[in-house]
Every structure is written in C-alpha cells, then in structure tokens.
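Presented below, as structure tokens, is a lone chain in the form predicted alone.
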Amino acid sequence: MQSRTPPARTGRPRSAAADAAILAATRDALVEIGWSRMSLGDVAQRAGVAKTTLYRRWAGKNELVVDAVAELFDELVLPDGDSLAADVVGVVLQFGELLRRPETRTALMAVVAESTSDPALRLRIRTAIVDRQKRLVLQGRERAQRRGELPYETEPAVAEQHADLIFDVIAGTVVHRALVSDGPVDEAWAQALAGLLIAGLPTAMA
C-alpha cells in the first residue's frame, strides 16, 4: 500500500498592498497622535485591514514603527555622479529632503527616543535601517575605487570599520543638522560636508 503525502500548507499569501497601507497608516498615526497614543488597533483601522492581518505581520508597535521608518529610507539611492564628491552630495541632499517630511521626522525621532531604554529596539533599528542603508557607502566606495579616487582595502575587517565610520559621519551629521540644529541641508552645506569627509579619506595616490 502506497503512502500518500499530504499537500503542503502554504497559508494565505502576504499582500504587498496591505503591507504598504499598514506602514503608511503607521506614519500618519505617529504624525497625528504620537507614539504614546498610537495603538496597533488604530493603525489597522486607518489602513482598512483587520487587526489579525496586522498581528500576523508584526509582533508589536516597536517592530511596526521601525519598519515604517525603514521603508522611507529605502527610497535613498546612490546618484550617478562623476566623482566621489558628487555622489556624497547627491546622497546628502536626498537624505535632507527625506528628513524634511513630517512623517520621517516624527517617526525617526519617536523610535530613537524609545530606543534609549530598549536594547531590542536599538538592535532592530540597526538591522532594519542602519545595516540596510550602509549599502550606499559600500556602493559609493566601490564606484570611487573603480574610478581610481580611493585605494582598494586589503583587510576586510578594516574596510568594514571604515564603512561603519563613514556611514556614522554622514548620517549623524545630516540628522543633527536637520533635526537638532534645524538648519538647511542645501547644496552649499552638502558640498562643504563632502569636502571635509573626502579630505579625511586616503587617496589612491597616497
């Protein structure tokens, strides 16, 4: 007698449209009512989905808000510049424009404030936002190396350390400028930042 293999259980496929609606509703709720008053039930109502749909995707508010912020930062792209300076300026200007949007400012400041007393939230911010956006540094460095503007690094650990530092300098400076100092992230400022950053990097001719 042959045994019959039961069909695989695939479950209901996840809807990209529902995900997008939930993340957008999360950002809207943060702007309108703030972190403390926002609930998953309120987000579900705003997004027009059942609570169960939301709970199947996110375990709690922390995870949901971080993903809502991460989706915004995924809009950043490395511009097709003709030099390392042009690439840095292009990314900085994009970042500055992103931080001018109320939903970005509110959501980012909310998760950073909450993370000061929540190590698990800090880890999720790093994996969902920081590590994903570090791709811009890696792409820009690789492009500059191909153009002969930067030397190739032979020690992987040192190369990773340098990428971390470059990301921290750019992201930290732009966030402080836009959200703390409340100064403009304009062309002149971006060029000045790029000049300072590149002056501190080794050159291919060194």
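Quick note: we count residues from 1 along the sequence shown, nothing fancier. Here the structure is a predicted model, which means the values were calculated and not measured. Definition used throughout: the rigid core is the maximal C-alpha set that superposes within 1.5 Å between two forms.
Below: the form predicted together with a further copy of the same chain, not depicted.
Put simply, A113 is close to a further copy of the same chain in the predicted bound form: some heavy atom of it is within 4.5 Å. Residue contact check for L76: none of its heavy atoms lie within 4.5 Å of a further copy of the same chain in the predicted bound form. For the chain shown alone, T173 is a contact residue for a further copy of the same chain in the predicted bound form, at least one non-hydrogen atom being within 4.5 angstroms.
The shortest heavy atom separation between R27 and a further copy of the same chain in the predicted bound form exceeds 4.5 Å. Residues of 118-153 that come within 4.5 Å of a further copy of the same chain in the predicted bound form, judged by any heavy atom, are R122, R126, V130, R141, E149, L150, P151, E153 in sequence order. Comparing the forms between the shown form and the other one, the C-alpha position of R37 differs by 2 angstroms or more, with the core used for superposition.
E153 shows a C-alpha shift below 2 Å between the shown form and the other one [criterion: core-superposed Cα displacement of 2 Å].
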